[in-house]
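Shown next as structure tokens: one chain only, the form predicted on its own.
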Amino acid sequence: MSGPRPESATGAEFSSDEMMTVAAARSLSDEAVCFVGIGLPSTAANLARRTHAPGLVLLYESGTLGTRPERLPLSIGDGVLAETADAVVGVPEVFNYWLQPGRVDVGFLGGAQVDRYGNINTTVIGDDYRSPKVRLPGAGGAPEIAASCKEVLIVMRHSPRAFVPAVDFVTSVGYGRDGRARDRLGLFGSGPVRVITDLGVLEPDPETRELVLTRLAPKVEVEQVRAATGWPLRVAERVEVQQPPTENELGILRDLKATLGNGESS
């Protein structure tokens, strides 16, 4: 669901999905090295590269380094990634040389479920792994991205089905089941620093690592976010309202999504 279409400061109408994608793009810094997942993360990363972060370096799991696709890729195997890359290397090199030693600044991930400690599930829905309610696409490189990038951004649509107290399966660790697992596991990266949704932004508490609501999308109320969250959501003392997308951001985003024909696939 894209939700209502409020107006930006410039008068342009935008959907909640567009606000989420723009907010995710704004979280990426120029010249950062970003390991990108397909779907919403890829859309946001390519929007950032076309707006405020022209020097953003995009890495995809297929081994494309510094790729500059003219359109949104359909998968990590899309030829446009290799055709526009600075280099194409083997998948083992991407992980062994770039990712695991900590050479990637930001990992950009999505998922089917995320819990109060930023753990992500893309494996199964249900408590029986061998006979789940839904079998999802699986891990891919996401567990390594979550473990080894200097920081992780998560972008997901907000609903009680997706934002659960505890994920059914920890595919990609955030802060573990108790919020303190990263140190015990010896993980290199600092973990999720921001969860960006169509309703706002959640960030981990510095002490407990439980996700806390820190920003609201325009025309969204705190109670809406709480109702869409599967645990008693904590709210920061000061909750900011996100700046609406500019006409330039909306125009570039819509041009990007038009390259997929029928819009976003995730």
Partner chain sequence: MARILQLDTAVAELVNDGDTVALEGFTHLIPVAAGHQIIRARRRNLTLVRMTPDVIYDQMIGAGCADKLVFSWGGNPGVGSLHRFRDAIQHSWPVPLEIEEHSHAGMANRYVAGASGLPFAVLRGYAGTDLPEHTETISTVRCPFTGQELAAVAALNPDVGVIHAQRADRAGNVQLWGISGVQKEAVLASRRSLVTVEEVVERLPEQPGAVVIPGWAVTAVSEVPGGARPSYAQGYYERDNGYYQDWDAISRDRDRFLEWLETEIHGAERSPR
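Residue numbers count along the first chain shown, from 1. On a predicted model such as this, the values are computed, not experimentally measured, just so you know.
The next section is about a form of this same protein that is not shown, the form predicted together with its partner chain.
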{"query": "V220, heavy atom within 4.5 angstroms of its partner chain in the predicted bound form", "finding": "no"}
{"query": "Contact test in the predicted bound form: V88 vs its partner chain, heavy atoms, 4.5 Å", "finding": "yes"}
{"query": "Partner proximity in the predicted bound form: R161 to its partner chain, non-hydrogen atom cutoff 4.5 Å", "finding": "no"}
{"query": "4.5 Å heavy atom contact, E144 to its partner chain in the predicted bound form", "finding": "yes"}
{"query": "Listed residue (L65, A53, L216, L233) with a non-hydrogen atom within 4.5 angstroms of its partner chain in the predicted bound form", "finding": "L65"}
{"query": "Option touching its partner chain, based on a heavy atom within 4.5 Å in the predicted bound form, out of A48, L59, L199, L40", "finding": "L59"}
{"query": "Interface residues of 125 to 147 toward its partner chain, as seen in the predicted bound form [heavy atoms, 4.5 Å]", "finding": "Y129, R130, P132, K133, V134, R135, L136, P137, G138, A139, G140, G141, P143, E144"}
